[in-house]
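Let's start with one chain on its own, the form predicted alone, as structure tokens.
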């Protein structure tokens, strides 16, 4: 791929380290009759590894310049289907309607600049993913897995931890990519929670998280001033806090209880 014009605007950093590719696939507990979605297959290095262990692989690639390259890279596999389309604009349910599978996975080296929108689209889809294993920017991976009271803890941390148990798999050096990015990466797995906390209104929950963390240096009294602060204080007092606490100090259970009380 020496002559390929990599597009920074598409986050094109292709993973070429065989050891890392093998470790990613080994991190996924594949079961029989599996369907894997890969986003951004690039030159097909990870795709080949996935096609060797999964029943079927469906890839979304936004850059149709890669069609010839991918055709050559995957010529030995008849269980890979590539959709040359922007994943964020795709109708995933419709794309998969003709596939029969028992276990659905998302495995991908995600473009850094659209990591969060991709994961939000997956969460909001009607598809039941058994396991999600993705490579993200190291700093983003640290946020996904952050604990209350740390600098990395934010609204996305709480949002993801409502739906998933998050497992840090391993760090990937920037030297494993072509071209080499400016940062290292992290492979993480998102394992769906079988019994998430009861939540009355997910839209209320999402809005509450956004507002609570909107101004990081401000406390809950200021960030949630447009909410019923009497209800907010009642919940906070239950956990030993008052309105001067900042959002990054509060654990998931408190946000869920706040959202449920404010939905009344």
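Everything quoted here is computed from the prediction, not taken from an experiment. Positions refer to the first chain, counted from 1.
The protein also exists as the form predicted in complex with S-adenosylmethionine; that form is not presented, and the subsequent description refers to it.
For a residue to qualify, one of its non-hydrogen atoms must sit within 4.5 Å of S-adenosylmethionine in the predicted complex; none of 141, 145 and 189 qualifies. Interface residue among 62, 236, 28, 58, judged by heavy atoms within 4.5 Å of S-adenosylmethionine in the predicted complex: 62. Checked against S-adenosylmethionine in the predicted complex, the candidates 123, 114, 166, 156 yield a single residue with a heavy atom inside 4.5 Å, and that residue is 114. Interface membership of residue 92, defined by any non-hydrogen atom within 4.5 Å of S-adenosylmethionine in the predicted complex, is ruled out. When contacts are judged by a 4.5 Å heavy atom cut-off, residue 254 does not count as touching S-adenosylmethionine in the predicted complex.
Interface membership of residue 39, defined by any non-hydrogen atom within 4.5 Å of S-adenosylmethionine in the predicted complex, is confirmed. In the predicted complex, residue 160 stays away from S-adenosylmethionine, with no heavy atom inside 4.5 Å. Note that among 98-106, 166-174, 79-87, 189-197, the stretch whose heavy atoms approach S-adenosylmethionine to within 4.5 Å in the predicted complex is 79-87.
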